[in-house]
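Have a look below at one chain only, the form predicted on its own, in structure tokens format.
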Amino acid sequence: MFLSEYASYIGTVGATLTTVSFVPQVIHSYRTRDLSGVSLSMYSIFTLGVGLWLVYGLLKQDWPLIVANSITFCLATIVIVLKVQQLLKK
């Protein structure tokens, strides 16, 4: 197996793990509607970064980057929307 094939597998596993890591936060936030421990500025900056990684993946036509960052962008956006809703209710 060539080194570039290993790199693709490593990238795919890394992208999958980082994407899946957001699922528990989104589920907890959605169920409890308690986002008191969530920083809006951190999630906003993070989501912008993920969006830029998504654009980069699209430009490079790198499917692990595209898929992982599309999903992560959606999950992080859900948390931001829930946090903004919580702030507006105060």
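All values reported here derive from a predicted model rather than from experimental measurement. In this text, residue numbers run from 1 along the sequence as written.
We do not show the form predicted together with another copy of the chain, though everything after this point is about it.
- Another copy of the chain is not drawn, but in the predicted complex it has a heavy atom within 4.5 Å of residue 8.
- At a distance threshold of 4.5 angstroms between non-hydrogen atoms, residue 56 is in contact with another copy of the chain in the predicted complex.
- Of the heavy atoms in residue 76, none are within 4.5 Å of another copy of the chain in the predicted complex.
- Residue contact with another copy of the chain in the predicted complex: residue 25 places a heavy atom within 4.5 Å of it.
- Residues 48, 49, 50, 52, 53, 55, 56, 59, 60 are the members of 48-64 with a non-hydrogen atom no more than 4.5 angstroms from another copy of the chain in the predicted complex.
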